[in-house]
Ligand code: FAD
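As a starting point, one isolated chain is supplied in structure tokens, in the form predicted alone.
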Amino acid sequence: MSNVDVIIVGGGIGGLSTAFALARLGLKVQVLEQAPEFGEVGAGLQLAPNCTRILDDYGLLDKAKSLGVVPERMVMRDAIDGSELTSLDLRDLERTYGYPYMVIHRSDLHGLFLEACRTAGVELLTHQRVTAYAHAEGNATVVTEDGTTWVAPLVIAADGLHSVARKLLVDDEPVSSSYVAYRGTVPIPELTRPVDLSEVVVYVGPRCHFVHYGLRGGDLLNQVAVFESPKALAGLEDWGTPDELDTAFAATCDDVRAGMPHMWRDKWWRMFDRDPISTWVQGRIALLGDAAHPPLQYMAQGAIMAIEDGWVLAEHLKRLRAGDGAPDWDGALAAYEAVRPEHCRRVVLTARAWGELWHLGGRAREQRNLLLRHRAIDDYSFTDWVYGPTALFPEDEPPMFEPIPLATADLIVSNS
């Protein structure tokens, strides 16, 4: 039996941030990571105010800002003609929500939480592939590949898109979007085009989009190219290949095509999510992060939702402690499950809709562009529900935005 209070399966950003949040309460936390070492693969992450608010609560915001970039503006452009569609003044955004919008390398944020966990006394174990979860009297157990059984009052499954624990709750599979992402980071001196590192820029186009922004204090440019794969739509196994990348972006503007030579062409990320579920807890086993709510990337909230999950769970454990300091595990899990699934359902489904909006072509693209150009720069009606304080109770969850039908663009034209 493990002499710990909480076992967390998975040492990614969600697992480590949750381990730190719980260790701050004085709990003994153990993280089981299947890889030979702790680390993250990928490039940049965008951290909206709902995340930087939590980093500040953890005392980690200043360090995160020193590792990343705090941009001044977010800009959406048309990928075909390069024209500006709409923007966010991120300095005003910070004044509105009280915390900054920043970008950071995924490995830097992961390393920040890893260091924080070590300082907080979290037990970090590698080479621990968990193959089974089960319930015990007043506890939960996990079994690793070598046959070892680990027991604790609470087990948190932060084991990602292909979660083993999720199968306890629902018999489902990841949902393919037929889109694929290529990434690449470029040292600024190697760029062949001028780039404004004070901006986060997304170019939206028919069945494709392209994102770039600075990282590591402006030393690197992070780039992401996403497109719909014809091979995936045709049901082929080998999809998202570099030849499809080149074809997908052949008709885009000069600035977008100038980024293509800098993409990593030996690795690509097929984009999956899962349909939302409302049950995340079974006994003393709880899903967290992508195990519970893997999203498509369009809202840049995937890692943030995992960080929020851990913060919410820790806040309820802190709130519900008995007079002798003993955790009310069941009460905290019930409170966690009462609030987080609905918020994350909204994000997952909105990310799907946002992806459809980005990738419109033909007449629908023209309508979208017109609506975006008419958006007031200080209109935060589409971000208030997600960038505000993370809800601890269902009644704290703000109302959703009201979608604007594309046909509204035709009314703008007729009235102009």
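All values derive from a computational prediction rather than experimental measurement. Counting begins at 1, following the sequence as shown.
What follows is about the form predicted together with the named molecule, which we do not show.
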Considering 383, 46, 367, 350, which brings a non-hydrogen atom within 4.5 Å of the named molecule in the model of the complex?
-> 46
Residue among 152, 130, 313, 117 with a heavy atom within 4.5 Å of the named molecule in the model of the complex | 130
How about residue 308: is it within 4.5 Å of the named molecule in the model of the complex, going by heavy atoms?
-> no
With the partner left out of view, is residue 303 within 4.5 angstroms of the named molecule in the model of the complex by any non-hydrogen atom?
-> yes
Contact of residue 19 with the named molecule in the model of the complex (heavy atom, 4.5 Å) | no
Using the partner position in the model of the complex, report whether residue 262 sits within 4.5 Å of the named molecule, counting heavy atoms only.
-> no
Counting only non-hydrogen atoms, the one stretch of 315 to 323, 181 to 189, 84 to 92, 230 to 238 within 4.5 angstroms of the named molecule in the model of the complex is 181 to 189
Give, in sequence order, every residue of 7 to 41 that has a heavy atom within 4.5 Å of the named molecule in the model of the complex, or say none if there are no such residues.
-> 9, 10, 11, 12, 13, 14, 15, 32, 33, 34, 40
